[in-house]
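Starting off, we have a lone chain in the form predicted on its own, written out as structure tokens.
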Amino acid sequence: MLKTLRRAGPALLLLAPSLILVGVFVYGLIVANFQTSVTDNHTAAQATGREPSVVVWFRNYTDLLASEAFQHSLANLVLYTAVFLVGTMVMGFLWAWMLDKPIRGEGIFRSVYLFPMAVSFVASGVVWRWLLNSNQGEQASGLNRLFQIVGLDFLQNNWWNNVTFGITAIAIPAIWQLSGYVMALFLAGFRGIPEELREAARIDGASEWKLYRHVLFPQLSPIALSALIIIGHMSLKAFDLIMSISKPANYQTKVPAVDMYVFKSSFDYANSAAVGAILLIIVAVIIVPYLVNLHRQEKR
């Protein structure tokens, strides 16, 4: 026992500060969030401790899930995630596929595609708020004005002000900003495939399509899964881009993260914590199976 402590002691001392910080400020706050979410802490007086709050268990969760407003937020989240995932995966893959072939100025194209990643969601949101302006006709600006100039007036629309599909307009700048990241992942995957595999397939008479379908695409499946997980969990936490383009009170673009902010701003800490817990559970349902599968593959 003493020998084990002597061996592990320096390592534990080295890791202790990080473990304590993670334990307190990550897992400790997660526990505190769940504790708040099962109380009736809905007023400023309760939030400041002037009035007591009692445990109501899962009533906040059932009330939220039964409310039409929160159901709309969840529907918006699903719609945003679907458009965001498809857009980034398709655009990122196409860019990587084009750059995988030897072309002049590859470094320039790669820089152009990756540049949006260097811009914060808040900064890009300010620009895209103007581009996605819903004014039409003589008051048109942004993309609607561009459609007017090129004679494509029928493409003018309300963008994020559309009640049903407004959230999909918010996905456009998100796709623009993160497609380069997905491109970098796929391009690294393409470049990591040995050239011998390609040459062997060509010697066996495989066409270019069959080469990609039967040789290259299967090699990229782990990268595609990783990209899906990363982009998927980022879309579930969408907040800053939406807040930069729209407003918290806008029904058409609200998602659970925005609801959490609105509840917190009105001192409804219980519902705010409940929304945060629901988001954490959704992310865990997506991430945990992926991590378990990754751990199993590493042990093989």
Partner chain sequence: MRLDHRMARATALAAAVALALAACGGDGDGGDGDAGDGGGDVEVFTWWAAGSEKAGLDALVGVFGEQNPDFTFVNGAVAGGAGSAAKDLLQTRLQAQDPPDTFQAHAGAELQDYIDAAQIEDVSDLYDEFGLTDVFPADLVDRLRSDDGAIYSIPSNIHRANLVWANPTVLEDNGIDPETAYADLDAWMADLDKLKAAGITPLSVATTWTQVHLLETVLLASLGPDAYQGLWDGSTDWEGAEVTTALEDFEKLMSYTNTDRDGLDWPEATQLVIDGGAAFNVMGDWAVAAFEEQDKALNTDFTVFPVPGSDGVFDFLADSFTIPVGAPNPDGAKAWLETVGSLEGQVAFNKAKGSIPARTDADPAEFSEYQQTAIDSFATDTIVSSLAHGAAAPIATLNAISDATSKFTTGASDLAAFQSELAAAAMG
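Positions refer to the first chain, counted from 1. Rigid core: the largest C-alpha set superposing within 1.5 Å between the two forms. Since the structure is predicted, the reported quantities are computational estimates derived from the model, not experimental observations.
Not pictured, yet referred to below: the form predicted together with its partner chain.
* Hey, in the predicted complex, is Met234 touching its partner chain, heavy atoms inside 4.5 Å? -> Contact check for Met234: no, nothing within 4.5 Å of its partner chain in the predicted complex.
* To do: Determine whether any heavy atom of Arg6 comes within 4.5 Å of a heavy atom of its partner chain in the predicted complex, and answer yes or no.
  => Contact check for Arg6: yes, within 4.5 Å of its partner chain in the predicted complex.
* Does the 4.5 Å heavy atom contact test between Trp160 and its partner chain in the predicted complex come out positive? -> Residue-level check for Trp160: yes, a contact with its partner chain.
* To do: Although its partner chain is absent from this view, report whether Ser134 comes within 4.5 Å of it in the predicted complex, heavy atoms only.
  => Close contact exists here: in the predicted complex, Ser134 approaches its partner chain to within 4.5 Å, heavy atoms only.
* Counting only non-hydrogen atoms, choose the one of 27 to 35, 271 to 279, 255 to 263, 57 to 65 that falls within 4.5 Å of its partner chain in the predicted complex. => Answer to the contact question: 255 to 263.
* Asked: Going by its partner chain in the predicted complex, which residues of 8 to 29 come within 4.5 Å of it through any heavy atom?
  -> Counting only heavy atoms within 4.5 Å of its partner chain in the predicted complex, the contacting residues of 8 to 29 are Pro10, Leu13, Leu14, Pro17.
* Return yes or no for Ser265: a CA shift of at least 2 Å between the shown form and the other one, with the rigid core superposed? => No, the C-alpha position differs by under 2 Å between the shown form and the other one.
* Compare the position of the CA of Arg50 between the shown form and the other one after a rigid core fit and state whether the shift reaches 2 Å. => Arg50: C-alpha displaced by 2 Å or more between the shown form and the other one.
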